[in-house]
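Take a look at this single chain, the form predicted on its own, given in structure tokens.
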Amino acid sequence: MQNDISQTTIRIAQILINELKLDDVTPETFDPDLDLVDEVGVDSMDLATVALVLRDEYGIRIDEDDYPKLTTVRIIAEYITNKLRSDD
């Protein structure tokens, strides 16, 4: 379980880095506890784009009502892991 979250965390960081074109960090060095809005500069359009990429990659739907709760990469990873687990 922990390994799944770690892999998911790195993959989400990679998606954010690619979508936001953050050239100065890698998925392995991206702090998963950074506040995406206040510390990374993610806006609502960025988050919507990332949600679409995650939907395609993991086959889950992220409700727009949940966007405000997804404040860090770690929280997104936990959200995805819980969604995948609830679909079993």
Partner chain sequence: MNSSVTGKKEYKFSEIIADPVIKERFEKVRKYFFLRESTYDMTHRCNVRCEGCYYFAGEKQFAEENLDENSWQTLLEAEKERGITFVVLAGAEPSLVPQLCEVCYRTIPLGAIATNGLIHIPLHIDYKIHISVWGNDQTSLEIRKAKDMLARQIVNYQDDPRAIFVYTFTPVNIDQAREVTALLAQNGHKITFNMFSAPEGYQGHLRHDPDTLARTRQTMTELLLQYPETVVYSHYNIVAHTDPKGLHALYSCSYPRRNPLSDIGLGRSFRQYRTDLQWDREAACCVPDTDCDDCRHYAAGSAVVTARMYRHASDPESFKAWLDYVDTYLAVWVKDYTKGQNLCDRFIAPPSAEA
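Given the structure is predicted, the values throughout are model-derived calculations rather than measurements. Numbering follows the first chain given and starts at 1.
This protein has a second form, the form predicted in complex with its partner chain, left out of what is shown; the following refers to that one.
- In the predicted complex, no heavy atom of Glu78 sits within 4.5 Å of its partner chain.
- Using a 4.5 angstroms limit between non-hydrogen atoms, Asp46 touches its partner chain in the predicted complex.
- At the 4.5 Å threshold, heavy atoms of Glu28 stay clear of its partner chain in the predicted complex, well away from it.
- The shortest heavy atom separation between Leu34 and its partner chain in the predicted complex exceeds 4.5 Å.
- Residues are counted as partner-facing when one of their heavy atoms sits within 4.5 Å of its partner chain in the predicted complex; in 64-80 these are Glu64, Tyr67, Pro68, in sequence order.
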